Each structure stands twice: as structure tokens, then as C-alpha cells.
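One chain comes next, on its own, written out as C-alpha cells in the form predicted alone.
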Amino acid sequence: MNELVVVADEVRTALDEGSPVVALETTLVAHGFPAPEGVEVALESDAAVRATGAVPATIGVLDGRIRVGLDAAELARFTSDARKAGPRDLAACAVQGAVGATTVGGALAVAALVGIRFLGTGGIGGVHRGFPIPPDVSADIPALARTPALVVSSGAKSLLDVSATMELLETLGVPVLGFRTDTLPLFYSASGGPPVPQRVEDATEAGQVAAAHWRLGGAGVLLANPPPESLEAEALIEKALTQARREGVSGQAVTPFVLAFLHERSGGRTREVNRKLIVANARLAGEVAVAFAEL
């Protein structure tokens, strides 16, 4: 194993035995929720994965090492001061001894190194609104396009250009499966997104499609899971993005700014929906990982 990567004993044993393992990212801990709620959500996700019979492997950078499998005390170190760690940032975070909170793309990069094929998250990054000005496309997309892993999310992050993100996924050959839905969820909202090209009805079918895709030489698969509680938030999102532009917020700072704005203006409803969908997606990722292991 690469000396920069430390795999927790439980995760290593599961991988060696061919048992189901689900990767989880840490950006949501550091930047998705205020302390200590981020840690609480991470632990709920951990428990949801375990309830399916799979082993959770939360990924982050601590003390000069990329760690796969984190406990509660380690998760508490991912504060709002942590760096966002996409694929490009992992090496620098490790060498410089920084706390690196992995994005979906960063977690996928590490998952590929250790052999984890399933990841649960809230929403993936994608093409930002207004593209090509700014010319902003999340590193989650190319990471998904090159990594043989299935990611469960409630569509793309709410502040993105969802239709453009779907087009880019098609261009890169990433299958998008709707889990008991014919349209891509809009993160907070279960409906209203563009049509998905394929629909699956259960975890076993999702695992079968992923297995066939990988046998054919494919890489990433996106499984779109509607949020368990739906909330129409588009008008608030537009206001949040307008305010971000007014205040000169850009790049990686946009997402936490928008999330905080939505929480304040919705009276906390967006944060509650976000919390529930993250845990639901972790659970579904566990179910698919277990079904895949039984194929």
C-alpha cells in the first residue's frame, strides 16, 4: 500500500475478504454543516451504512496521511478551517500536514487506490451556472468519469446548471440511473430535473448494471436517489447566488456561502432536508454494495 495512505484495520479486513465497503467524503463535515452537526451527520451516515451490512470508510487527510476509515474523534478535527481536498489537493494536504476534507472527487481518487467501488454523498459537483463565465466545472465529474465506482447522490448540487451537468456526464460516458425515478432529483427537490436515461427499481438491479458497465470497460456510475423529504428551493438558490456575486464570493467558497444563506432564509428547512438525504444516500450505497457482493 502507498505509504501516504493509511487504511483502518476494519476497512482493510473487509477489503481483503471481499466484503462490501462504502466510501464517505468529509467536506460535508467541515463545510456542509456547522459544528458539531457535521460530525453528527457523518456518524449517522456511518451507522446507516453499517445497518445494511456494509463497512463505512470515511476518507480525509490528517497528520500527513490520507486516512480511509475515521472515528468520531478524528471526524471532530474536520472543522471549517479544513482545506477542501479534491484530487489535485490530496498530495499537498498530506505533505504540508494540513487537515484535508475530501470532496466527492477527492474521495473517489482515494477509493480507486484502495479498491472501494461505492460512495454515498449528498450531491455531486458539476457545471456551474453561467458557464463558461466563470469557466467552473467541478473536479467531481472527471473523477467519476475515470473511476470504476458507483456514487449515490440526490442529483447534482443545487447551485449548479443541472441540465449542462447531465450533458457533460453523457459526453464522458457516465451512466445516470434513476433510483425509482424517471427524472434527475434537484437535490432538495425530488422532481423537476431532466429525464434520466435509465431507471432501476432496487439495489440489486443497480449493482447488476454497475457490474455490467465495469465488465464492458466503463468507469463511474451515478445512481440518483430522490431526497426522502422534498423542498422547492430554486427561488432561494437564485437569491443566494446573486448575493454571492455581490459579495465577491467565488470558487470553493460559493457552496458553503449558499448553504448558509439557504439555511438562514428557509428557517433551517434546507439543512434538515440536506441532512436526511445524505444519510439516505449512504444507506442506499450500502445496500447496493451488499447486493453487488452477492452477485
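We number the residues from 1 along the sequence you see. In this text, all values refer to a predicted model and were calculated from it rather than measured experimentally.
One more form of this protein should be noted, the form predicted together with a small molecule, which is absent from this view; the next part is about it.
Visitor: Hey, in the predicted bound form, does T165 get a heavy atom within 4.5 angstroms of the small molecule?
Guide: Judged by the heavy-atom cut-off of 4.5 Å, T165 is well away from the small molecule in the predicted bound form.
Visitor: Is there a non-hydrogen atom of T58 within 4.5 angstroms of a non-hydrogen atom of the small molecule in the predicted bound form?
Guide: Looking in the predicted bound form, residue contacts with the small molecule do not include T58, since no heavy atom lies within 4.5 Å.
Visitor: With the partner left out of view, is S138 within 4.5 angstroms of the small molecule in the predicted bound form by any non-hydrogen atom?
Guide: Yes.
Visitor: For G125, is any heavy atom within 4.5 Å of the small molecule in the predicted bound form, or not?
Guide: Result yes; G125 sits at the interface with the small molecule in the predicted bound form.
Visitor: Given that the partner is absent here, state which listed stretch (66-74, 26-34, 239-247, 225-233) has heavy atoms within 4.5 Å of the small molecule in the predicted bound form.
Guide: It is 26-34 that comes within 4.5 Å of the partner.
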